[in-house]
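First, one chain by itself: the form predicted on its own, in structure tokens.
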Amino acid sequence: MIDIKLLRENSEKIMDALKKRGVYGSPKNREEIPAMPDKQLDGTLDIEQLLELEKERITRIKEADELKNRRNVVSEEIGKLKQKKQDAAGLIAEMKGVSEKIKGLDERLKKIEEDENKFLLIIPNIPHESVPVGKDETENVEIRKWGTPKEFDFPPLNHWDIAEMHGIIDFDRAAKIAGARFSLMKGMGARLERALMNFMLDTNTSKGYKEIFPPILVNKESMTGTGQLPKFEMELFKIADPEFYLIPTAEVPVTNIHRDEILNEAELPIYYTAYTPCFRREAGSYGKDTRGLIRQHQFNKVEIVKFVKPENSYDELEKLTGNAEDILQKLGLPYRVITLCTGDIGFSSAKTYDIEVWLPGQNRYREISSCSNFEDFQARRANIRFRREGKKGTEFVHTLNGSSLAIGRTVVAILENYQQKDGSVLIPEALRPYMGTDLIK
């Protein structure tokens, strides 16, 4: 959530940043912006409307404070008159009117604050100055590559053909059990999934991340705190009674561990890692990646989350991204790192690196991790603060998270990159102690 004071004092800068994101003054997001209670938005983020609300809020606060001060002063006068047994009826009648005005102002202030909060919840984060300006994913910037894609002396297969050959993933029975975009891992497929989960967690904990196993059902407050609500409601699986949401990523429960808390400076930085199943409706992906493991309603993922001091957050982003890259390097999987441009960056993020792994069966790089610095955007929504030693007051922490990694997509990458001419699949050396074998055949 953007600081309303920052928006009030730097409105032109904020509006310019939102224009670079393509969500201010752009009609393309019309369906994404809910109506304000008093006015139907035209599909753009009408920041002027929010600033008018803020201007009125400040004016009403001043009016209410002046009336409350007047009431306090006159109340003392009334008390003195009563002590002297003098007539105070006129002042009492005046104060009754003042109290009614104060009540009306307080009710209006409550309504303004509610409207402001609803508006602030749908405004995305402000991109960091280092984020390249661009309209969409075609203008993302590649910053480095690691590894060289293998040249095969045979036509490489897609992972679903390899999986069918070995009977390790059953999409048809998964569809019978649940529906489209689900998978049933079997035998060595299930073992590979479990091996990757343990390998990733062990690698992360060796780097100082504390392992967490959080709930996968969360409340509305948790989803709001990390930015999934209200904007992405249609992407979430929801339970109506009682109201819970299935998590789309471990980022949600892990970040909310410290919701409404004040941390001590000495506790920072805090590093967490967590394995969870993840659930996404993929509402906007009709016709995309209909085969295989790339885009599923349910998938497994290991996440890394950080709570850090503001001045360290961009160094921590580089370290976090490097931690995710280390997993791929240990597995010997070629990848590239790209910086997302302003038009492709996520709603809550100030800066994001995507890591894309090479998939020879598709002859292209595909996202396997997204590493983001949210600055204080999530912390402000979730009220996560810290207190500096020897100083008064509190500050919002900066939060970061990254996939380390999406397990299903790592399975895809291993099957396609390590396939052999005879149809077998080599197991990466780092994973062999977890698999108990060096070959799927």
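Sequential numbering from 1, following the sequence displayed. Note that the structure is a prediction, hence the values are computed from the model and not measured.
Beyond what is shown, the protein has a form predicted together with the RNA; the following relates to that form.
Engineer: If we take heavy atoms and a 4.5 Å cut-off, which stretch out of 358-366, 102-110, 269-277, 232-240 is in contact with the RNA in the model of the complex?
Structural biologist: Heavy-atom contact with the partner occurs in 102-110.
Engineer: Counting any non-hydrogen atom inside 4.5 Å, which residue from L201, I78, L120, V218 sits next to the RNA in the model of the complex?
Structural biologist: Of L201, I78, L120, V218, the residue with a heavy atom within 4.5 Å of the RNA in the model of the complex is I78.
Engineer: Counting any non-hydrogen atom inside 4.5 Å, which residue from N72, Q86, S130, S206 sits next to the RNA in the model of the complex?
Structural biologist: None of the other options qualify; the answer is N72.
Engineer: Going by a heavy atom distance of 4.5 Å, is I212 a contact of the RNA in the model of the complex?
Structural biologist: Contact with the RNA, no.
Engineer: Should R57 be counted as a contact of the RNA in the model of the complex, where contact means heavy atoms within 4.5 Å?
Structural biologist: Although the RNA is absent here, R57 would touch it in the model of the complex, with heavy atoms inside 4.5 Å.
Engineer: Classify M165 as contacting or not contacting the RNA in the model of the complex by the rule of any non-hydrogen atom within 4.5 angstroms, answering yes or no.
Structural biologist: Outside the cut-off, so no.
Engineer: Contact with the RNA in the model of the complex for K441, defined as at least one heavy atom pair within 4.5 Å: yes or no?
Structural biologist: K441 lies outside the contact set for the RNA.
Engineer: Going by the RNA in the model of the complex, which residues of 256-277 come within 4.5 Å of it through any heavy atom?
Structural biologist: Stretch hits: a single one, I262.
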